[in-house]
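What follows are structure tokens for two forms of the same protein chain, given separately as structure 1 and structure 2.
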Structure 1
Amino acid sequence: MVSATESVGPFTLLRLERGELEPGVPGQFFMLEAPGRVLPRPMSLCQAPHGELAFLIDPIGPGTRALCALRIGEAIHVLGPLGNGFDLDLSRPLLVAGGIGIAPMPYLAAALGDPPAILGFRTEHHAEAAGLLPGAEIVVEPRLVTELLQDDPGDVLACGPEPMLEAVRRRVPRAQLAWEARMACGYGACYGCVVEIDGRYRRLCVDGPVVRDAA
């Protein structure tokens, strides 16, 4: 059941009543029924206020637009938490996010005691979402998040578009990266979400989104 929706720059923060669902580990995700669509959509948990689960959604297509159009009191199927979250046993965490990759960061930051963060955005309008992560450093294109990475940046946890994740990985091979893939089930049943890891197709919904033991 939708308890509130808020605009955050071009994004929508969708707050759902939590019911019996656990919020899970930061970096895990939920499958949200998108009204009128055949498939649900994977969404990272953004915030876990008391009794609620909050998702930050970028309306880029029919599914995300349907989710952003939900009104208070409407109900949708929600399944989760699903997949592998971030490993939180770290000494010097640094959060790095690009665009809607900011979505899992507020919940992650809360779990890690508000570590430093670097956020990159396409436009100033998108950068309004940085308000969800007070104290973060912000860059707007043409500048990129990797420009702010120090030589020894510590334990990087990153989420964002694939080119950004690849760039972060080149700079910080041990970084924990949260990947994306098209999904159907989200719970390991359909083999729709595979990505090639070490030469084999693995299901991102169960072996990710934060992939352990990747090359």
Structure 2
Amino acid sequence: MVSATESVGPFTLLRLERGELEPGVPGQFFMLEAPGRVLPRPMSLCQAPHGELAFLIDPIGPGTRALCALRIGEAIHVLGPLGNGFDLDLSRPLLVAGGIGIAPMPYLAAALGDPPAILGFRTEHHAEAAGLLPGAEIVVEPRLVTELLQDDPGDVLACGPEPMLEAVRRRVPRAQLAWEARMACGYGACYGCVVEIDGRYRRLCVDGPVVRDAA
């Protein structure tokens, strides 16, 4: 059930009552199905305060707009956590995100003790979402997040559009990358989220979203 909604720049932070659901590992995802919609939408967990699960949503299509239009008290079907999250056994974590790729970073930052972060956005309006990660370094197009990566950036954990992930991986081959794709089922049955990574086809719902052996 919806407990609250908040505007974060052009995005919506959808807060749900947790019930019996566990938040899982940062980087995993949940399938959210708005009332009246045929297919659910995969969403990374953004925050996990006591008794709640919060998801940052970009209203770019009918499904995501339906999720953002939900009102307090409305029921919603949620399945998860699903997929593979980030490896948190790190000595020098650095979070890197682009656009809506910021979605899993607040939960990830909380799990890692608020490490440094680099965030990139298309516009200043989108960059308002950086308030979810206080203290992060921010760039706005045409600047790129890779411009702020040092020669030895540490243990990079990244989420964002494919061109950004590829650029990060070229700079940091061992970076953990959370890939994005459309999904219909969330558990490997429909093959709707298959992407090619390094010449291999992966079902991101079961092989990812964090693909650990992509490099």
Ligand SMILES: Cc1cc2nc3c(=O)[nH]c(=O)nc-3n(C[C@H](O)[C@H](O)[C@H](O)COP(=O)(O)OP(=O)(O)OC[C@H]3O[C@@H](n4cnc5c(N)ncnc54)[C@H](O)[C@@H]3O)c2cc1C
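Heads up, when I say rigid core I mean the largest set of C-alphas that superpose within 1.5 Å between the two forms. Start at 1 and count along the sequence of structure 1; that gives the residue numbers used here. No experiment lies behind these values; they were computed from the predicted model shown.
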Only one structure is the form predicted alone, namely structure 2
Answer yes if the Cα of residue 198 shifts by 2 angstroms or more between structures 1 and 2 on a rigid-core superposition, and no otherwise. yes
